[in-house]
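First, one chain by itself: the form predicted on its own, in structure tokens.
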Amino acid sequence: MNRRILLAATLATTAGFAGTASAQTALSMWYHGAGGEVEGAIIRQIVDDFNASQSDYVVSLESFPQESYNDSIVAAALAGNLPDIVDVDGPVMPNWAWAGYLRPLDIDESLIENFLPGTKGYWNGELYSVGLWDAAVALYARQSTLEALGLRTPTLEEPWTKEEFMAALDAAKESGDFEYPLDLGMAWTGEWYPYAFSPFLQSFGGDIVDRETYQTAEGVLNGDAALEFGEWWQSLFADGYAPGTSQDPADRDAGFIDGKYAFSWNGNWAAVNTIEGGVDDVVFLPAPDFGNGSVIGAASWQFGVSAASEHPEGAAAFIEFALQDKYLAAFTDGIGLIPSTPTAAEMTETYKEGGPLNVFFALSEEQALVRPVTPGYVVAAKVFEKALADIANGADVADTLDAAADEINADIERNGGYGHQ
């Protein structure tokens, strides 16, 4: 009889533990950074910390190569197999929200009051995603080069004008010390073009699409300001200021470090390698002002909740948990991107006040402009890339920009205006 009582008690206890374990709700998460050892370790640490911090949810992580990640999301959406938590590239987010892949992100927005503007993903007035970092582009130069060429060092408060910028390129060209005055990174393709080069167009006074209505590219991609931009863009290659689309990728990676280029238009992610590569007097300069302000791109990868999630409150709880400064700083220290908050920046050696990369935080804060916030961006970006590559290779500027505007407009019409309110 005692043995039966003991067995019954044991079974009851076991059942109780099983009930407790089964009460935890499983949440799935997909991430784009497979293959990134440091990045992956940080993401796994956040997941482990969240799982240990509470007993309601348990997150399981699956990582994909960045090159195939977006296609995996689209395929999963079509098959009805989206995970609970996704990460999404900032400019792509409106397309996923419009397509029904994402739901509005229900978090305490006071938590992101101090986040850099580019890390907050809004579509039609609602928050859909938040990023733990941002990225910024600057004009790399050596202080010794500026001094040797007799150039003023531009500042955030007083960037170079178009005339000063072109005079700097002329001075570098005439010195005979460089293969090219300027490296634009033309060996890179894809998102680099709209991210890095559309700010030049915006500074001229144009844009990829009209941001007031998001219903047309007419007049902004092919208007007078855009034509002026296009002629200037073409002159950079025709007049020997920068290598064109056939640039050797190795020169993009090391050309500035090796002294082949006087200036390089590059992101903060390359800054540490530049310094460690021996350029100990590198300075990171703001974008030139071509007449309508000094502009750089904004928005990197961000976290959101899929529309298919049956537990959006748990997915949102994980994202809130991940917004802690210690994790923002960990990503900065690990992979060099810009922390989303000034308090996280102060926890890092590179981005804190007086740190060697602090200027990039200021650039993101003062100059950054998100790419057009529209579901149609994913098409418009590719059209813009092809147009700029064609112009760089000698195509007629007006005809190319007219054709690009027509193609973007046709896509907007085919998709019923993409749901802009």
Partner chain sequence: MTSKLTTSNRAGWGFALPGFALIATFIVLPFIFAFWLSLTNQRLISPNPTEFVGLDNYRSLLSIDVLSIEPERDAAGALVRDDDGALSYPAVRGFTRNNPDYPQYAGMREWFRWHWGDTAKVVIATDVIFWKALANTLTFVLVVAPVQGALALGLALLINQRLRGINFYRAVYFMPVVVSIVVVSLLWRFIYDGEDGLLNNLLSALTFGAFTGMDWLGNPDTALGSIMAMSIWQAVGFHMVIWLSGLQTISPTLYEASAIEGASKWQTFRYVTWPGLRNTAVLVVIVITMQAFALFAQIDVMTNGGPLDSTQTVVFQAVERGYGKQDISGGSTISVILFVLVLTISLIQRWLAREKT
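This one's a predicted model, so the numbers in the text were calculated from it and none came from an experiment. Positions refer to the first chain, counted from 1.
One more form of this protein should be noted, the form predicted together with the partner chain, which is absent from this view; the next part is about it.
> Can you check whether residue 27 is within 4.5 Å of the partner chain in the model of the complex, heavy atom basis?
Residue 27: no contact with the partner chain in the model of the complex.
> So in the model of the complex, is the partner chain close enough to residue 382 to count as touching (4.5 Å, heavy atoms)?
Contact check for residue 382: yes, within 4.5 Å of the partner chain in the model of the complex.
> Do residue 235 and the partner chain come within 4.5 Å of each other in the model of the complex, heavy atoms counted?
It does not: once the partner chain is placed as it appears in the model of the complex, residue 235 has no heavy atom within 4.5 Å of it.
> Residue 275 near the partner chain in the model of the complex, any heavy atom under 4.5 Å?
Residue-level check for residue 275: no, no contact with the partner chain.
> Want to guess which of 244-252, 285-293, 204-212, 102-110 is within 4.5 Å of the partner chain in the model of the complex, heavy atoms only?
Heavy-atom contact with the partner occurs in 244-252.
> Candidate spot 50, 348 and 366, all three in 4.5 Å heavy atom range of the partner chain in the model of the complex?
Not a single listed residue reaches the partner chain in the model of the complex, so no.
> With the partner chain left out of view, which of 175, 144, 114, 189 would have a heavy atom within 4.5 Å of it in the model of the complex?
The residue in contact is 189.
> Can you work out which of 229, 180, 160, 331 has a heavy atom no more than 4.5 Å from the partner chain in the model of the complex?
It is 180 that has a heavy atom within 4.5 Å of the partner.
> Using a 4.5 Å cut-off on heavy atoms, which residues of 213-239 contact the partner chain in the model of the complex?
If the 4.5 Å heavy-atom criterion is applied to the partner chain in the model of the complex, 213-239 yields 218, 222.
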